[in-house]
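Presented below, as C-alpha cells, is a lone chain in the form predicted on its own.
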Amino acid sequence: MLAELEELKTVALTELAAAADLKAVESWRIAYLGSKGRLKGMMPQLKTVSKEDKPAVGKRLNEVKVALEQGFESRKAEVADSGVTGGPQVDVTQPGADLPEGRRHVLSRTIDEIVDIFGRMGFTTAAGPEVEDEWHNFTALNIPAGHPARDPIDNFFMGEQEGSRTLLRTQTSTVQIRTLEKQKPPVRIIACGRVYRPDTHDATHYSMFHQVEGLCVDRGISMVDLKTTLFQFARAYFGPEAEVRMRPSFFPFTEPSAEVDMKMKIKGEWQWIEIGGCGMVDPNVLEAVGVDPEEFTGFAFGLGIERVAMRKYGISDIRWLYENDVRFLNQF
C-alpha cells in the first residue's frame, strides 16, 4: 500500500501541474480529494494492512493527503494570478467592439439649427422662466383683464404670488417683455423654450410644446425687415426654393399682425404650411416696458419648433416626439 500511495502522489501532482485553468484545477480536486476521489478510495485498504505496518501506512496516507491539498491550493493561486479562468480567451490586442453612439433628440437638434441660422443674422439668445405671472404673460403683452386668452380653461394657472396669479407660460412672447425691461433698444433676440396650453393630445396638438420667439426693436424697423428675416430663415433651413407668405391676422401684442406660411418640399412635393405668427410690435407693448413707440419700432415672430421639425423630417404625429420610442428616435 505504501507503494500505491507513492504512485498516487506522483501521478496526482503531475496531473495537477498540467491543469491550465481554474476549471481543470477544480476537476482535479474532485478526482483526487473529493468524497469519492482516489485518495478517499484507498482508505478501506487500511483494513488489510497488518497491525505492525498500520501506523506507518496511516501516517503516510495523511502525508500524501496534506501534500495533495497544499499542491491544490498552490496551483489554484497560480492559475488565478495568471488570469486564466477557464472562460473564452480574449486577445487584448484586437480592436474593441464598436459601441452605439448616442445622439441629440430631434427637437434639440432643431433648436440648435434654428439658433445657428438666426445667430448668423445677428440675433442673440435670451431666456425666461416657464412659471410666469399675469403681468408678463398677459398685461404687458396688451392682453387686458377679461380677455378670452386669460380664461382658466385655456391656461395652467398655479396659484398666487404677490397678489398676481402664476401660470405656466402660454407663449415665449413673455421673454420679449423681460428682455425689454432690462435692455433698451436696439434689441435683436430669439428665445427658444417650452410653453404650455391645456390642449387635447392628438397628431398635431400637445399640452407642452416649444416655440422660438424673435424680437427686433430699433429705429426704422418695418414689415420689410420682418419678411426679409423670415424669408432668409426659410431659405437657410428648408432650401433655396422655399418661400414665405403672410396672411392678415390678429394678435393683441402686434399691429399689424400676420400668420406665417412657408412653402417647403414634403415627400417630394412643394406645399404651403402654416408655421407661426408675426407682426409689428404693438405700441402699447413698447410703452409697457418704457420704450418710446414714437422713436422705436420693432417686429416679433413666433414659430412652432415641433411644426418646423415635423415638416423638416417628415414626422406626421407630434406625440412620437415625446414617447421616447428608440425605434423612432434612431431614425434621426
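Owing to the predicted nature of the structure, the values given are computational and were not obtained by experimental measurement. A residue's number is simply how far along the shown sequence it sits, counting from 1.
Absent from the display: the form predicted in complex with 3,4-dihydroxyphenylalanine. The rest refers to it.
**Student:** Heavy atoms, 4.5 Å, 3,4-dihydroxyphenylalanine in the model of the complex: which of 253-261, 128-136, 145-153, 234-242 makes the cut? Say which one.
**Tutor:** Heavy atoms within 4.5 Å of 3,4-dihydroxyphenylalanine in the model of the complex occur in 253-261.
**Student:** May I ask you to state whether residue 179 is within 4.5 Å of 3,4-dihydroxyphenylalanine in the model of the complex, using heavy atom distances?
**Tutor:** Flag for residue 179 set to no.
**Student:** Taking heavy atoms and a 4.5 Å cut-off, does residue 171 contact 3,4-dihydroxyphenylalanine in the model of the complex?
**Tutor:** Answer yes; at least one heavy atom of residue 171 falls within 4.5 Å of 3,4-dihydroxyphenylalanine in the model of the complex.
**Student:** Counting only non-hydrogen atoms and a 4.5 angstroms cut-off, does residue 300 reach 3,4-dihydroxyphenylalanine in the model of the complex?
**Tutor:** Residue 300: yes, in contact with 3,4-dihydroxyphenylalanine in the model of the complex.
**Student:** Can any non-hydrogen atom of residue 110 be found within 4.5 angstroms of 3,4-dihydroxyphenylalanine in the model of the complex?
**Tutor:** Judged by the heavy-atom cut-off of 4.5 Å, residue 110 is well away from 3,4-dihydroxyphenylalanine in the model of the complex.
**Student:** Could you spot which one of 184, 194, 247, 197 gets a heavy atom to within 4.5 Å of 3,4-dihydroxyphenylalanine in the model of the complex?
**Tutor:** Flagged contact: 197.
**Student:** Heavy atom within 4.5 Å of 3,4-dihydroxyphenylalanine in the model of the complex: which residues of 274-293 meet that condition, in order?
**Tutor:** Sequence-ordered list: 277, 278, 279.
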